[in-house]
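Presented below, as structure tokens, is a lone chain in the form predicted on its own.
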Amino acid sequence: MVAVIHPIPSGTRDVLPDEMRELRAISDALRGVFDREGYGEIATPSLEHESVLARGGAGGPLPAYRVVDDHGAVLALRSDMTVPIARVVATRYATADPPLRFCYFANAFRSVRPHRGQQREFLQAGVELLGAPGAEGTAEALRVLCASLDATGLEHYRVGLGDASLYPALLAEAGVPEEARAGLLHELSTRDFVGLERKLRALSLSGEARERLLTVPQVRGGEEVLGDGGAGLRAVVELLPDDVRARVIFDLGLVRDLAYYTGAVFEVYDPGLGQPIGGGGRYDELLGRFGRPLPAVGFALTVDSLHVALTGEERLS
């Protein structure tokens, strides 16, 4: 009998029982840490009004799917949980005393290139800490992040830590036109330094300015790479316990692909996977766009990627 192949949408996949059990075990380990640290689990609709998601700012990932409902409203599947949680805080927690702590396990949807193995639909697990400013809030998020990864059994990961405001400041200092900055930041967020160099050479910049904009974001290492402008990141690391601090690598070129980040940003790397497992950072201006200004920080882990990294570590051991 010839098997009939019924296709599924590109960038999606079926998860069968054996893998589902493993993914559930990972989620349970993460949930245990989130609960212990006082983060209450929250769920929001998969569909949001596109105008709400647009408050996350230009330059972020495009919605993977848009629909028009029976009332003519334009809806989109969420690309992450941070913007929906910001909406919830402004509407349902408008007078609640901060800090507020939320966690979630939710599918997100993004416009990607499936032929490169990227998924349009993927499960995220993460936390949002709202109303905790500066280094203290960021240090808590990093501590919870590492405790969560440790609970799953991941051993060889590192956390890249940078500042989302650094490269935009360098672009402004070099006199890069506003209209050219988004393209440069995109190349940096994808770590495409060849593309970054090509776009820099197309601009009317001095050789010194061009060289600085190309070399600074490739600097990674210990605290010695921070120079005089790294006081904010140093303050974060000084608040971390030694086991978390040992995981941190400073990355002066770290720029995440979500437009709302304003300060410290971080990503998780592991030799068992060739791409970040997840990441996060500070987004101190986002909640103000919804009417409740609060400093905020959070992170999201892609559970499927974490599963692959754990499997890869087993093979490497």
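What you are looking at is a predicted structure, and each value in this text was computed from that prediction instead of being measured. Residue positions are given as counts along the sequence shown, with the first one as 1.
One more form of this protein, predicted in complex with a further copy of the same chain, exists but is not displayed; see below.
So in the predicted complex, are 31, 42 and 67 all sitting within 4.5 Å of a further copy of the same chain, heavy atoms only? Judged in the predicted complex, 31, 42 and 67 all sit within 4.5 Å of a further copy of the same chain.
Among 172 to 180, 212 to 220, 144 to 152, 84 to 92, mark the stretch whose residues have heavy atoms within 4.5 Å of a further copy of the same chain in the predicted complex. Heavy atoms within 4.5 Å of a further copy of the same chain in the predicted complex occur in 84 to 92.
Selected contact from 47, 54, 249, 259, since only one has a non-hydrogen atom within 4.5 angstroms of a further copy of the same chain in the predicted complex: Spelling it out, the residue with a heavy atom inside the cut-off is 47.
Looking in the predicted complex, any heavy atom of residue 193 within 4.5 Å of a further copy of the same chain? Contact with a further copy of the same chain, no.
Is residue 107 close to a further copy of the same chain in the predicted complex, meaning a heavy atom pair under 4.5 Å apart or at it? Residue-level check for residue 107: yes, a contact with a further copy of the same chain.
Does residue 121 reach a further copy of the same chain in the predicted complex if we count a contact as any heavy atom within 4.5 Å? Residue 121: yes, in contact with a further copy of the same chain in the predicted complex.
Contact flag, residue 274 vs a further copy of the same chain in the predicted complex, heavy atom cut 4.5 Å: No, residue 274 sits far enough from a further copy of the same chain in the predicted complex that none of its heavy atoms falls within 4.5 Å.
Just give me the residues of 233 to 264, first to last, that have a heavy atom within 4.5 Å of a further copy of the same chain in the predicted complex. The stretch does not touch the partner at all.
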